[in-house]
Each structure stands twice: as C-alpha cells, then as structure tokens.
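Below are two forms of the same protein chain, given as structure tokens: structure 1, then structure 2.
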Structure 1
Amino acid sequence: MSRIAELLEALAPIGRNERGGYDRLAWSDADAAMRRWFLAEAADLGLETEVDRNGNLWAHGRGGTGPRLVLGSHLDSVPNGGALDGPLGVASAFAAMRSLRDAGEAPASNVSVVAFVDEEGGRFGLACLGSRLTTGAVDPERARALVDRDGVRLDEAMRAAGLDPDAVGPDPGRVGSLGAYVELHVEQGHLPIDGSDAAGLAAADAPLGVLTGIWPHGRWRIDVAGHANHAGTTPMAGRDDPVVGAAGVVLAARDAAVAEGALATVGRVEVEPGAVNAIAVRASLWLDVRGADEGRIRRVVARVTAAAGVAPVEESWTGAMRFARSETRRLAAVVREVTGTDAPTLPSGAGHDAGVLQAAGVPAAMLAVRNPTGISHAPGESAAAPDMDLGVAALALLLRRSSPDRVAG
C-alpha cells in the first residue's frame, strides 16, 4: 500500500457516519481528531508544528529562511461529505515529503504544510474562513459572531477548543512570508477542459490536471415571510404560507440558472417555527450561484429576486480569479515529467483557500486528481490509488526542485 493510501486509511474512521459520508465540521470532535492526526504526522516527519492565531495548522521545515513554498489544503468537510475533499491535499503533501525522506533526500527547509481551518463553512456558513481571516478578507468581529444551527457562536466554539477567539484576524507577516502555495485536490465535477470538447479528466483520459482559476461565485440568504396559523383549522385559500413562497424561489433559481448557463443551488432551508402541525411564519433559504462570468450570476440573482419579491442578503461574494501563471507553468512541467504527457488545464467551479491566497498576492496553483464519478461534497467522491500516487509524485518532484531562490523567483 502506498503512503497516501495508508494516510487516507488512517483517516477513514474519523467522522464517518451511518450514511457512508463524513461529518468533520469545524471545531467538532471529529475535526479535533483530524487536527491531532496532522500534528502527529508532522512530528513524525521531524517538522516544527504551529497553530496560528486563526486556528490554522502549520508544519514547517526546520531552519528555513526567506519565502516559503507551502503545500496543503483543509481537513473539515461539509455535512455528509466525501473522504477526499481537503484531506487528500494535506495527506499528499505529507506523503510527498516522506517519499523524499525515504529516498535519502530532504525537502528544502523553506517548505511548509498547512491545513486551513473551516474551508467548507459547513458549520458557520462562511467558506474559507481560516484563509480569509489570515489574509484580512473577512472582518474578525463578523467572524467571531457567526452562529451555527445549534446557536453556538464561533468564538464560543474556538474557546472550547482551547484557542483565543480575541486573537483572530489578519496576519500580514505570515502572508508576506509565503513565496508560493500549491494545493492538490480531488477533481470536483466534470468541467470543460480548456481547448477541448472533453468535460473532465476522465473524458480526457488524464490522471492529473492543472486548474487555471476559479469561477466567480456567491451566496445569498432569502427570507420569505408568512402568517403563522394552525394547520388543521386554516382554509387553504386563506393561508399565507412562506414555505410555498420558498418553493417558488427554488424553482425560479433552477429556471434562471438554466436560462443563463450558470449553476444555482438551494442546499439549505430553515422553517420557523418548524412544527408539523403549524403554518410557518418564516422560511429562510440559502442560494449558491456560480458561473463562468459575473454577469450571468448577477442575472440569475436578479431573476430570483423578482420571483421572491424580497431582496436577498448577500452573505459572501468571490470574483473570478486566475492562478499565478508562473506557478501554474511549474506545476504543469512536473506533471508532464511524472505522467509523460501534457496536463489538461481546466477551471474550478468550487472555491478554495488557494483562491483566497492568490487574491491576497500569494502566487498559487492547484493540481486536480481525476475523479471518475465527478461527485464531490458527497460520499460518491472518489479517486483511484494510482492517480493519487501520481499526484504525490508530482508534488515530490516540485519539492525536489524547491529552494529559497526558486521560490523567491
């Protein structure tokens, strides 16, 4: 069994639920177990470990100076998520470093591995929270006040985990020390390959691909008000039921996305008071819209607004982003050497910490490992062991060629 397979097997029991998926929400018991695994694996590799002010985990090569090459991803999941989204990127970084050590080599001392906290936003609703806080892309006060579905605030959850929530916020010194960031990730969906009719790495018969950038995307909350009343005594014609209105919003979102060539999802709905025998007083739903350009996304939201009759509250927005051409070329070169063929290039429809860092001025690149199903954020997420091994080999080659001079250049 390869090292990456061993690492993923060790993680497999953590947060596994009865549906076959994973619940590794930020600052949960499962998340704590994943974090302990990170620290133990880093220590076994002889790396210096650190938990920064925002709760992100770091493992550093000893004695390094100058700009750092950072590999990594995240360890948390969405509710009932897949096994690979996030952990594959962290485990592959450790596996690449171990492969060099087993070969009698050592990665450059200016190399680090990171696991950003709460990338999915599955608990507190704001994605890429750890990297956003670190780069100053989100206000610390807003972050501390985020509340999960059980009414627990983020600052309370962090304090219970032994961290100081009053310390969260921008870390310009750390961001300034990063020379480049490379994230390996399982392929998500089957998006169009650049310059090809193929959709996805499986169709392109390629084990690895290089991501060129991230589509713009945003999240909106829509609150539909109604009039509370008894389910058994209120005539159908006299009801003001917000759930019916919410259903119309969901259908309008789908129709608008199809018309505009975008992607729209309502993956969360909350109804108050939530009693089976009562007409609700309010229904809140969260709309996620993504697409190849901002114009079509805004048109989808405008159509949904008209259908809802209320203005959605924009909870997050991330514009279109392209990864650093210099780092993307370097990544493509090592993939070519490892696989013997040119790596397909394709966009990402999903947000990533790499995008947050790139927006903050840190040169970033991403490597995708073929996912035959294309499924992500669900138990069907998959990647074949030989493809994952090639991803590790590509990272190892990147590390082998790393030096302070190369990273600075």
Structure 2
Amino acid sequence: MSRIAELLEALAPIGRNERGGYDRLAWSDADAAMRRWFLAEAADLGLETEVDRNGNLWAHGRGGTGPRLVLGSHLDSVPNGGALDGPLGVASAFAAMRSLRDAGEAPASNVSVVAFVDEEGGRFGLACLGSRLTTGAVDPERARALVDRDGVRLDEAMRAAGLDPDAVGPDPGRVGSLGAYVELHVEQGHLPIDGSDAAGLAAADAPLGVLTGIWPHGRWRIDVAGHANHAGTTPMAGRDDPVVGAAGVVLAARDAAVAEGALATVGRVEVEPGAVNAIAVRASLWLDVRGADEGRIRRVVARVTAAAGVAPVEESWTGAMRFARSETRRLAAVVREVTGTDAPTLPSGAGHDAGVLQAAGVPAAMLAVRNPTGISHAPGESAAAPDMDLGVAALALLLRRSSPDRVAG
C-alpha cells in the first residue's frame, strides 16, 4: 500500500457516519480527532508544529530559510461529505515530505504543511474562515458572532476546543512569510478542460490537472414571510403560505441558472414553526450561485429576487480569481514530468483557501486529482490510488525543484 493510501486509511474511521459519509464539521469532536492526527503525523516526520491564532495547523520543516513553500488543504467536511475533500491535500503533502525524507533528500526551499481550519463553512456558514481570518478578509468580530444551527456561537465552539477566540484576527507577518501555496485537491464535478471538448479529467484521460482559477461565487439568504394559521381551517384562497412561496423561489432559481448558464442551488431550508398541521409563518432558503463570470450570477439573483418578492440577503461574495501564473507553470512542469504528458488545465467551480491566499497576494496554485464520478461534498467522492500516487509524486518533485519567486515581506 502506498503512503497516501495508508494515511487515508488511518483517517477513514474518523467522523464516518452510518451512511458512509463524513461529518467532520469545524470544531466538532471529529474535527478535533483530525487535528490530533495532523499534529501526530507532523511530529512523526520531525516537523515543528504550530497552532496559529486562528486555529490553523502548521508543520514547519526545520532549518530552511527564505520564502516558504506551503503545501496543504483542510481537514473539515460538509455534513455527510466525502473522505477526500480536504484531507487528501493534507495527507498528500505529508506523503510528499516523507518520500523526500525516505530518499535522504531535502526540499529546495523552506517548506511547511498547513491545514486551514473551517474551510467548508458547513457549520457556521462562512467558507474558508481560517484563511480569511489570517489574511484579514473577514472581520474577527463578525466571525466570533457566527452562530451554528444549534445556536452555538463560533467563539463558544472555539473555546470548547481549547482555543482563545479573542486572539483571532489578521496575521500579516505570517502571510508575508509565505512564498507560495500549493493545494492538491480531488477533482470536483466534470468542468470543461481548457482548449478541449472534454468535460472532466476522466474524459480527457488524464490523472492530474492544473486549476487555473476559481469561478465567482455568492451565497444569499431569502426569508419568505407568510401568515401562520391552522392547516385544517384556512381556505386555500385566504392563505399566505411561505412554504408555497419558497417552492416558487426554488424553481425560479433553477430556471434562472439554466437560462444564464450558471449554477444555482438551494441546499438548506428552514420552516418556522415546522408543525405538520400549521401553515408556516416563515420559510428561509439559502441560495448558492456560481458561474464563469459575475454578470450571469447577478442576473440569476435578480430573477430570484423578482420571484421571491423580497431582496435576498448576501451572506458572502467572492469574485473571480486566477491563480499565480508562476506557480501554475511550475506545477504544470512537474505534472508533465510525472505523467509524461502535458497537464490539462481547467477552472474550479468551488472556492478554496488557495483562492483566499491568492487574493491576499500569496502566489497560489492547485493540482486536481481525477475523480471518476465527479461527485464531491457527498460520500460518492472518489479517486483511484494510482492517480493519488501520481499527485504525491508531483508534489514531491515540486519540493525538490521549487524555489518560490516571491521575496518574503
């Protein structure tokens, strides 16, 4: 069994639910177990571990100097997520570090492995929270006050996990010390390969691909208000039923996304009070919209606004982002070397910490490992062991060759 397969096998039981999916929400017990694994694996590799003020985990190579090349990803999952989204990137980084150590080689640059905390936003609703706090892209006060669906505040959850929530906030010295950030990730969906008719790496017959950037992306909350009343005594004509209103909004969002060539999803719904025999007083929907450019996203939201009769509340917005050409070229070169062919390039429809760092001035790049099903954020997420091994080999070669351009600031 290869090292990456061994590492993933060790993680397999953590946070696994009875449906075969993973519940590793930020600051949960399962998340804590994943974090303990990170610290133990780093110690075993002789790396120096550090938990930063925002709860991100770092494992630093000793003795290097100069701008730091950072490999990593995250360890948390969405509710009932897959095994690979996040952990594959962290485990691959460790496996690449180990392959150099086992060969008696040293990285060409100062190197660290990172696991950013709460990347998915699956619990508190704000994605990439660890990297956003570190780069100053989110206000610490706002972050501390985020509330999960059980009414637990982020600061309470952090405190319960042994962190000091009063310490969270921007960490410009750390950001300035990062020469480059490279994140390996399981392919998500089957998006169009640049300069090709193929959709997805499987169709392009390629084990690895290089991501060129991230689609713009927003999240909105839509509260449809109605008039609560008895289900058995209120004529249909006299009703103001917010569940009926919300149903129209869901269909309008779907139709608008199809019309605009964008992606729109309602994945979370809450109905108040939620009694079987009562017309509800309020139905709340969370709308996720993405697409190749901002214009089509804004047009989807405008159509949904017209259907809902209320203005959606923007909970997050992330503009289009292109990864650093320098790091992307370097990554494409090592992929060509380990696979023997040119690396396909493609966009990412999902947000990532790499996008947050790139937006904060850290050159970032991402390597995608072929996902035959295309499924992600669900138990069906998958990658073949030989493809993962090639990904680790590419990262290891990057460690041997890399010398980030950026001068530490």
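No experiment lies behind these values; they were computed from the predicted model shown. Numbering runs along the sequence of structure 1, starting at 1. The term rigid core refers to the maximal set of C-alpha atoms that superpose within 1.5 Å between the two forms.
- As summarised for this chain, the first structure is the form predicted alone, and the second is not.
- Once the cores line up, the CA of residue 162 ends up less than 2 angstroms apart between structures 1 and 2.
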